[in-house]
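For reference, the chain that follows is the form predicted on its own, supplied as structure tokens.
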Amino acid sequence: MRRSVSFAVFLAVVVLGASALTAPPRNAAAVAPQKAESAEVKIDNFSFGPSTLTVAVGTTVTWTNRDDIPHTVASSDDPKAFKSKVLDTDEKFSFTFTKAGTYPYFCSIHPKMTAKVVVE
């Protein structure tokens, strides 16, 4: 008798545990908060890579200077939407795009270095 009661309790725990694992969460937003979007641009060999980056509104883009010489990241817009300080090797600059649009940019030290971010 004792063994059958123990088995019944064990079986009930297994069934309840399995149903809890397969049930959908009560509040999915609380379980899985949305992660902020991010993207990266590498500066190397006098160029921005990728030269055209398409991202969603709210995305933070980070530029990293992998070149041996300093560079900047400055929007071509007037007034400028963003502008970095001079970035030495391995330094980074980040900007969060909050509005849709096309954002052309360049290196103010080397103006022939150009690229753009398309925000959708």
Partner chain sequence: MSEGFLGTAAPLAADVVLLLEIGMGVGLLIGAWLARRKRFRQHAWCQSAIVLLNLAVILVAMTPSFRSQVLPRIPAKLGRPYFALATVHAGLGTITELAGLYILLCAGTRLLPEKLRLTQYKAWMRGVLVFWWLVLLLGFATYVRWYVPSWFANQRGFDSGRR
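Residue numbers count along the first chain shown, from 1. Everything numeric here is computed off the predicted structure, so don't read it as measured data.
Another form exists, predicted in complex with its partner chain; not displayed. Remarks below refer to it.
Query raised in the report: Does the 4.5 Å heavy atom contact test between residue 108 and its partner chain in the predicted bound form come out positive?
Result: Residue 108: yes, in contact with its partner chain in the predicted bound form.
Requested in this report: Decide whether residue 38 counts as a contact residue for its partner chain in the predicted bound form under a heavy atom distance cut-off of 4.5 Å.
Outcome: Result no; residue 38 lies far from its partner chain in the predicted bound form.
Query raised in the report: Is there any non-hydrogen atom of residue 69 lying within 4.5 Å of its partner chain in the predicted bound form?
Result: Residue 69: yes, in contact with its partner chain in the predicted bound form.
Query raised in the report: residue 55: heavy atom within 4.5 Å of its partner chain in the predicted bound form?
Result: Residue 55 lies outside the contact set for its partner chain.
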